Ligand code: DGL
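One chain comes next, on its own, written as structure tokens: the form predicted alone.
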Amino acid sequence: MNKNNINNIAPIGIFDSGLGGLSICQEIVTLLPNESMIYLADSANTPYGEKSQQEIVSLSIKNTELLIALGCKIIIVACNTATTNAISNLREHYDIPFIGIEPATKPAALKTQTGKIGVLATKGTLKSDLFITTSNQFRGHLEIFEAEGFNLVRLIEKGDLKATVPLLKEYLAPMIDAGVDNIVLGCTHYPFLIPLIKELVPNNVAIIDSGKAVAKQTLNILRSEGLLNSSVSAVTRFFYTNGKQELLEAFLKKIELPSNSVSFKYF
């Protein structure tokens, strides 16, 4: 795709392995209310975090090509696992701006007072070269305690958030016992668990996700590429899922998008 042919009123494209990327949509709508949006929830293939890199790249290509076919001007890979395993491949093969999601290890490293931070993420993210390279930059002067959030994504995709509590207790306990004062949420599904996590950790522990940073980066890229929407035309927001539509609707209520701007489609 030639970026010169992209219209600035075209939508922002966002894809995730399921519903987790809606936490990013919430931040995008808050910061960029005049931008249209198309969101792909690949819930039929969730979770990405337990798949091979080849599978993750293949699914990411499929999602990217659909968003390009739908006329998107920029693509947000709203999945930590897809970002860490596939975004370099996407940038190499498609002439469209991409924004990825990485665990916010650097902000946590800069904020910590104890020199100890925790990272809760999927196996695919924790084992990726990108995450390992990034986190190794800070291991010389602080301790990083990692935990794989096994089965959290599956439960979130089912809408059964309370069922995650026993798992959260198990995954977070070693971090809390070690004295971390920042916990990084390395999966876009996990912000939906923040109210539950806050009940399980001491008040001095900060919970950090990447949503606001991604929205700011999207604004910066759109501005630098001359792609900000300057039109007064109506904003449209389309949400596609190959999973259960009623779960998508339930999660959309959580982020309080205006109902008259939402349509549901399958892909």
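Throughout, we count residues from 1 along the sequence that is shown. Nothing here was measured: the structure is a model prediction, and the numbers come from that model.
Unshown form predicted together with the named molecule; subsequent notes refer to it.
Contact between C187 and the named molecule in the predicted bound form is found at the 4.5 Å heavy atom cutoff. In the predicted bound form, the named molecule stays beyond 4.5 Å of every heavy atom belonging to G211. Of the heavy atoms in S60, none are within 4.5 Å of the named molecule in the predicted bound form.
Contact between V153 and the named molecule in the predicted bound form is found at the 4.5 Å heavy atom cutoff. Checked against the named molecule in the predicted bound form, the candidates S36, T64, T241, T46 yield a single residue with a heavy atom inside 4.5 Å, and that residue is T46. With the partner omitted here, the stretch from 110-118, 158-166, 77-85, 131-139 that lies within 4.5 Å of the named molecule by heavy atoms in the predicted bound form is 77-85.
Residues are counted as partner-facing when one of their heavy atoms sits within 4.5 Å of the named molecule in the predicted bound form; in 110-124 only T122 qualifies.
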